[in-house]
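The chain below stands alone and is given as structure tokens, in the form predicted alone.
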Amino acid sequence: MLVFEFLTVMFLVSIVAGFLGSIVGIGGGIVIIPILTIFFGVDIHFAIGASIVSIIATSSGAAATYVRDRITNLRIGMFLELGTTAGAIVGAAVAVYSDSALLGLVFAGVLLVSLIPLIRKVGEDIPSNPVLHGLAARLELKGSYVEADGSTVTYNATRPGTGLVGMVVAGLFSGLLGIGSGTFKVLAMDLAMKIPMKVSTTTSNFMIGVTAAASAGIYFIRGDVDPLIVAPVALGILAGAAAGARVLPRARNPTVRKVFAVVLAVGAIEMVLRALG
């Protein structure tokens, strides 16, 4: 394939990846990696390098809009980022001693099992608002945002300890497999902490940028970031993420949850295929 055709196709695919990533709170790697490796025959290391950059681009293209619209909860995001960072450090440290294929299958299994509670509450709009107590009360893990119809939604986070454990697992898999951890972040906030789906995905968008930026230097040093691949990916992701950031505030929580469930299933299938070579 000619270079111009490759750049054009990757740019268009990246727009879609950025759009989905900004809405469901994950990086665009779930689309970018299989496209690069399966259809273009790109080495997996360069594909992962492009994925890391795409995560930063997704966050950059959407996080500012979500923070401005006061949907992202920065207090909850920075609290949970402690767990993700710790998990990522441990994961990176033991990655050389781990069987990536087996870990990929485990990761896929966890994602598929997580679909069960997610589907059960797929029609839920706003979760029941628990009483703020314990650690959540001391850290004031609460917030509110305004829906497109002008109504104000208030919420309190519950079980912050469970959410933090979920973030450690997210960071662990991220460090071990070189993937974005937005999927587990959204699941932990939505299922464990009872945070509205919109807040979960937008806060995850903010968090994945912080996590990816911290690890991107390693991929640069290794030489896994190819400018010819990264350039169309980053530009497309930015454009798609900006478009997604305009759509999400008008979407209902059940719609976001349905899209996330589909992306979750695709991600699990992708991990199985990667693990099986």
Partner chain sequence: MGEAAELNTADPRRMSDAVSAVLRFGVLLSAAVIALGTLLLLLRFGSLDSGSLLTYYPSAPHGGFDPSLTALAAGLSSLNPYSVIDAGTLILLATPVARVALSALLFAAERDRPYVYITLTVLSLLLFSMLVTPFIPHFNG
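Since the structure is predicted, the reported quantities are computational estimates derived from the model, not experimental observations. Residue numbers count along the first chain shown, from 1.
One more form of this protein exists, namely the form predicted in complex with the partner chain; it is left out here, but the text below deals with it.
- Looking at residue 30, you'd find every heavy atom of it more than 4.5 angstroms from the partner chain in the predicted complex.
- Residue 53 belongs to the set of residues with a heavy atom inside 4.5 Å of the partner chain in the predicted complex.
- Proximity of residue 63 to the partner chain in the predicted complex: non-hydrogen atoms within 4.5 Å are present.
- Within 4.5 Å of any heavy atom of the partner chain in the predicted complex lies no heavy atom of residue 26.
- The candidate stretches are 117-125, 184-192, 70-78, 101-109, and the one lying within 4.5 Å of the partner chain in the predicted complex by heavy atoms is 70-78.
- For the three residues 57, 226 and 229, a heavy atom within 4.5 Å of the partner chain turns up in the predicted complex in every case.
- Only one of 93, 113, 131, 148 comes within 4.5 Å of the partner chain in the predicted complex through a heavy atom, and that residue is 93.
- Along 80-94, a non-hydrogen atom within 4.5 Å of the partner chain in the predicted complex is carried by 81, 82, 85, 86, 89, 92, 93, in order along the sequence.
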